[in-house]
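There is one chain below, alone, in structure tokens, taken in the form predicted alone.
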Amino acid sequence: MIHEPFSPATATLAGFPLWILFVLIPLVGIGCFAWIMARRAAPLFKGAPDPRFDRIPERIVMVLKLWLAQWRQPRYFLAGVLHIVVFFGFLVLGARSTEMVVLGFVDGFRLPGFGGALGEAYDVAKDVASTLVLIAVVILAIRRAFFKPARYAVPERYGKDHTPEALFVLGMIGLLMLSESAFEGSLLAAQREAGHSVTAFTLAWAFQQMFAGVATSTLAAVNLVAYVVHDLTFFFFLCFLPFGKHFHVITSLFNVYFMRLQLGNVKPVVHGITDAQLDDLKSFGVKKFEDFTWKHMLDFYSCVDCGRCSDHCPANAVKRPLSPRFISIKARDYAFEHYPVFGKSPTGDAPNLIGGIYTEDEIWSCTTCGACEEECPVGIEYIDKMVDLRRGMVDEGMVPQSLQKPMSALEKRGNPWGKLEKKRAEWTAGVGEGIEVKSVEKGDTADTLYFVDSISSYDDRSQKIAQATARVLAKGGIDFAVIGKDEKDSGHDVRRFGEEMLFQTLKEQNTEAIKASEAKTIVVNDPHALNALRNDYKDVPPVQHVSEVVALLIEGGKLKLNPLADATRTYTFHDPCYLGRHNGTYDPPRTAIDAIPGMKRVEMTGNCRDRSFCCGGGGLMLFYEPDEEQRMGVVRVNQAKDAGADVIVTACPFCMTNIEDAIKVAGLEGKMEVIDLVELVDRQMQQ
């Protein structure tokens, strides 16, 4: 251990022992921090219940992956790498900060075990870390001040720009690095005759060189001032964090630990309430801030304000009145205002969130595609909040005019078009000769149930997808049946549009019909039906998307495909949101496409797989009339065009409808084509 020629623990000022002050600073700092955190935690105790204390091993893995390994940070390479440097720098310097605090009243203090080789190795690591953190902070500050990415911008309607706060925090981090290194460098300069050295080209080394030849008395003063600056800055920084966007430094670990683990599901109306008890509820959804769950309030505190969610939000990209980032920020601002650290909360009734901090169009603009959640580095959830806010709006009768008719039709006829139940299986007439589509309605049974859902049953274009699905299943030797008139809409988008009771009705009717079919497995061609049956329903057989089935049939040699007639065309696969992000199915569709001889396929680099761009046509969005500058489908078509493709393959009837329309709107009719995966396989099957 280096013997210190002077120490803050032994320093005096006009005869006053400063160690007393250096005991008071951490006591006051820690006391203030505890009080601030207690005030900030107050709304969480008023939030709705949210059981997040299960699946502990999985949660630990997510902490190690997302929080410790910073898994999602490099998706934005420069900002991500710089953040990783600062993050790991802070982890390394945590031990040194602890030592610095205790050094104020314990002369020569070192953490247990840091007195020998381990301590020497750590000293090298912390000197390198402080240097790298300062470099990263300078780059981040320059980038934020002069080259600010568009995703950091704050529109006037959302409040003030957050750049000053970001620069202030970066300044405090830099001051911590400089003060600690000046403290270290002044000690090393005073010990120069003893031959003590430090890692070259680090901050501490730079200060040692700067202070070479300086009188010991001056070095003692520098050392003391550096210590005081570091001590005060450290505890001020700690207490400042809960007052702004950098609150995530404290909360992100807990937010990642408690993040949602299951893909595709939607939280129940109220945790702990069974479906049978829903009729007893007096109010549905989120209307007041306290209706949010405590975890969702923790989300608001944990927002990094990095803009990644909004940068990948398709609604935001086409200038709909929605930016996921500000869903969190506005709620956090509300919490800060109504649960202040200083003073009393505003009196009077709590304002409604819709019309208060959010607008109706803002919440209805969400397609629930999940891009925001996939991008968030700290596990913030948005879809459940959107669904809960919509539940509240539906409960209050705030339903867009364009959605009222399909909702009513779903209630009366079990499909958003309002067509007769007996016509649900009419598409089977066009399957082709020699292929019999069994029907549960007629008393048939089969091991596999083909759940068709509404769009493939009633939409003229999508019926072709259903017919192709039937032909491919038959060719693959799969014995299957359809339900017929007793099948209802899966209710997937009914639930995500906030009409919970209607969803429960549809689910109950479909569950009864599925059980009556005696099927052992279910296959679907609509990813929305896949997600509903797999994640929203209970006690139904295992569900597969037709792309998964086709890939297995091809790999098993049960489906053989002919070469492409035109090998000059370039294909690309559009990942449907509810097949990819929500259910993790990325490879089977590509396996099926690539099995076609002569196939030339390209990826929409940066906009594929878990970063796929929503077509905008999912579920009831086909009926919604949003305020937007451009169709999402047009953006998607242009992305495919930019990738060099002239054929877009998808695996969702909603995507098919929207992209087909988008090709026309984009003026690319005759130049680009969209085809469903199962149609492509059907077209290439060897007879």
Partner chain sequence: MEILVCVKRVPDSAENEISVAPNGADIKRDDLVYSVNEWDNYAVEEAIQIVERDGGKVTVISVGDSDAEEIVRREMAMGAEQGLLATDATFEGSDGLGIATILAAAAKKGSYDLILTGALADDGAAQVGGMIAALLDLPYASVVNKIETKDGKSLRIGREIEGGAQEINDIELPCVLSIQTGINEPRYVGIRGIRKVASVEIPVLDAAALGVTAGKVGADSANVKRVDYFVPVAGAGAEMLSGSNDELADKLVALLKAKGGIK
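Please read all numbers here as calculations on a predicted model, not as lab measurements. Positions refer to the first chain, counted from 1.
Absent from the display: the form predicted together with its partner chain. The rest refers to it.
J.: Looking at heavy atoms inside 4.5 Å, which stretch does its partner chain contact in the predicted complex, given the options 547-555, 217-225, 496-504, 199-207?
T.: Stretch with heavy atoms near the partner: 496-504.
J.: Looking in the predicted complex, any heavy atom of T98 within 4.5 Å of its partner chain?
T.: No, T98 stays farther than 4.5 Å from its partner chain in the predicted complex.
J.: With the cut-off set at 4.5 Å between non-hydrogen atoms, does K538 touch its partner chain in the predicted complex?
T.: Taking the distances in the predicted complex, the answer for K538 is no, it never comes within 4.5 Å of its partner chain.
J.: Heavy atom to heavy atom, is T347 within 4.5 Å of its partner chain in the predicted complex?
T.: No, T347 sits far enough from its partner chain in the predicted complex that none of its heavy atoms falls within 4.5 Å.
J.: I'd like to know if Q401 sits close to its partner chain in the predicted complex, meaning any non-hydrogen atom pair within 4.5 angstroms.
T.: Output for Q401 is yes: heavy atoms within 4.5 Å of its partner chain.
J.: Does its partner chain, in the predicted complex, lie within 4.5 angstroms of each residue among S283, M407 and K423, using heavy atoms as the measure?
T.: Per the other structure, all of S283, M407 and K423 touch its partner chain.
J.: State the residue from D395, D444, E381, D311 whose non-hydrogen atoms include one within 4.5 Å of its partner chain in the predicted complex.
T.: Among D395, D444, E381, D311, a heavy atom within 4.5 Å of its partner chain in the predicted complex occurs only for D395.
J.: Could you work out which of G476, G80, G418, P351 is the residue within 4.5 angstroms of its partner chain in the predicted complex, going by heavy atoms?
T.: Filtering the options by heavy-atom distance leaves G418.
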